[in-house]
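In the structure tokens that follow, the same protein chain appears in two forms, which are kept apart as structure 1 and structure 2.
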Structure 1
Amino acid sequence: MSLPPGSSTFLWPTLFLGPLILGLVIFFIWPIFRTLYLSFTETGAFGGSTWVGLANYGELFSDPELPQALLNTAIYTVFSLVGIPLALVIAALLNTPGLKGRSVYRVLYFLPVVTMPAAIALVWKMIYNGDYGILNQLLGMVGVQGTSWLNNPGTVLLSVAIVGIWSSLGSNIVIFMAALQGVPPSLYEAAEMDGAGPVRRFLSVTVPMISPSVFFITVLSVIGALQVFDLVYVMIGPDSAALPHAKTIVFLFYETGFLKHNQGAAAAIAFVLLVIILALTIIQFSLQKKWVHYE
């Protein structure tokens, strides 16, 4: 059977894009509207749901745990952004001409990216252990008294954030290295002829030229940090006394939906998180016009 003239213009794009669009609708678009609907309902013990209007949101915003969870999530997000300049510096060092063992360094830095987050959390939980952890043993060798890092309210969130930074370094370094290799050498030569030193060349040439990559990583880092759950769950757990000082918004969602079996309130938390992520992403896209340089 021959196709009508011009039908291939629509047929082939539909065949290629159809599965992608279908997946987006099933796994992303539909869950958003389903979560929004559930946030206005109360689910019974034997299934079924009853419309309760804004009651779940009223219960959520009167919950004293919500401000602390939002504060913990915000602090964790700020900590996670520290990893971006750190990754940039490491990528610049790895991009140094003539560096020996570059491939080995790349593998070592990228290894945490392909490792399961639960495995990473378990290893670091042992490292942080106040009784036999290697961190306290190393600190003891230089005369510093360690602490129980994951049980101390003052150090628990920072300890988890350090693991998050460490585990995300590899992917950020790979992106930065690709961006650094795209900077025209002629710009460095011109800056050097003008008397710019290495630091000046880095700040005036490298950073502006790779600003699109910095923006891309910043957006992904913020979104990922706002959704952190696995590290908190594995490293601290729901029974720890230090949990209130590291409980994030997603952990509060898990606790409300799966431990307290309040699916309506959990859906409200998920939708509030969606609004926060959407608002921050829009703000970042608005501000990027002032500091991101596109060729």
Structure 2
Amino acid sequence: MSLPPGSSTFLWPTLFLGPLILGLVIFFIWPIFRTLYLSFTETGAFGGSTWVGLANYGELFSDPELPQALLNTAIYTVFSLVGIPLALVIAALLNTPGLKGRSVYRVLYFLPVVTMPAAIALVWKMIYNGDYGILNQLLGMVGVQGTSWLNNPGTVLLSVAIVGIWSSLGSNIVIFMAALQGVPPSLYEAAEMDGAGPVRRFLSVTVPMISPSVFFITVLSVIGALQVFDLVYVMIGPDSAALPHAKTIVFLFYETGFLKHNQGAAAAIAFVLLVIILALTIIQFSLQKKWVHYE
């Protein structure tokens, strides 16, 4: 290669970026436009598609399935947010000065993060079982009457959300621990001098100082919860009485597009999801000025 090093040539960027950009365009950029197009079409009985304008969107909102899926996903998302304060408290406890066994705790809390969602869902399905599930046995010991958690419309989303929280807690703890280590000790000293106890110090020093991480995790948790699929797919069987109360947006998308082969409607569902994610993310970014403190 006789090209002068450092000069802005065409060759090096093409070599370094070319394969990736080509792949992104074929598998990600083109699909965005293709899905948009599909959302305005209807697949015929013998293949081929016809332009139907906004009909798919109209049908989605007049059919109770999508509104129900939106509601289910919203409930799941709200439940799953409980994991954030939980992770923050555990991270703060793990950062106690001089704490012994920190790395052991960290490994134990992190274990679910590396575990296959299908395997997680299968064991929790057993734990939640209304007849032979160990959860009801444990609850019985403290005098609480259990239920068939995954078949009961009133408990199914909470039950799945608990598994979601359990499996993502470890990564949130690790991110919070990294953030907590960046808080200058002098702030705690000053607060202590002012007579602030541990709880007061946590709320007045720790939480504001790591608010950028809280914000980051909240945005990602909301986006992740809106796209939940694996846990619901494995834990809630097609014969479950609670399935209508557990169908999330992505579950409905999968069912519509790949089981019922209704591509147009599935594409429309995907766009509804995109709009919701964008809207919620924009709202969160505009609200952050009120509570996120950057140095």
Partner chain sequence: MSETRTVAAAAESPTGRRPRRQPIVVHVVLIIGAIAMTFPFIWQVLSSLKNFAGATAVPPQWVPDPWVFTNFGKVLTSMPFLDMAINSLVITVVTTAGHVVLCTMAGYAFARMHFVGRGALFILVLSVLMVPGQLFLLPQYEIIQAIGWLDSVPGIILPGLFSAFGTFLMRQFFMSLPAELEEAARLDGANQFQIFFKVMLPLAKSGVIALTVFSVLGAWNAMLWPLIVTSTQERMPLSVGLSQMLGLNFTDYPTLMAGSLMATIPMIVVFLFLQKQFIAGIAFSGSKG
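Note that this is a predicted model, so its numbers are computed, not measured. Superpose the two forms; the largest set of C-alphas matching within 1.5 Å is the rigid core. Throughout, residue numbering runs from 1 along the sequence of structure 1.
Participant: Can you tell which of the two structures I gave is the form predicted in complex with its partner chain?
Facilitator: Structure 2.
Participant: Once the core is aligned, does residue 238 move its Cα by at least 2 Å between the two structures?
Facilitator: For residue 238, whose C-alpha is compared between the two structures after core superposition, the shift is 2 Å or more.
Participant: Please state whether residue 283 has a C-alpha shift of 2 Å or more between the two structures, with the rigid core used for the fit.
Facilitator: No; residue 283 is a residue whose C-alpha shifts by less than 2 Å between the two structures when the cores are overlaid.
Participant: Using a rigid core alignment, state whether the CA of residue 229 is displaced by 2 Å or more between the two structures.
Facilitator: No.
Participant: What is the Cα shift of residue 16 between the two structures once the core is superposed, in angstrom?
Facilitator: Superposing on the rigid core gives a C-alpha shift of 5.0 Å for residue 16.
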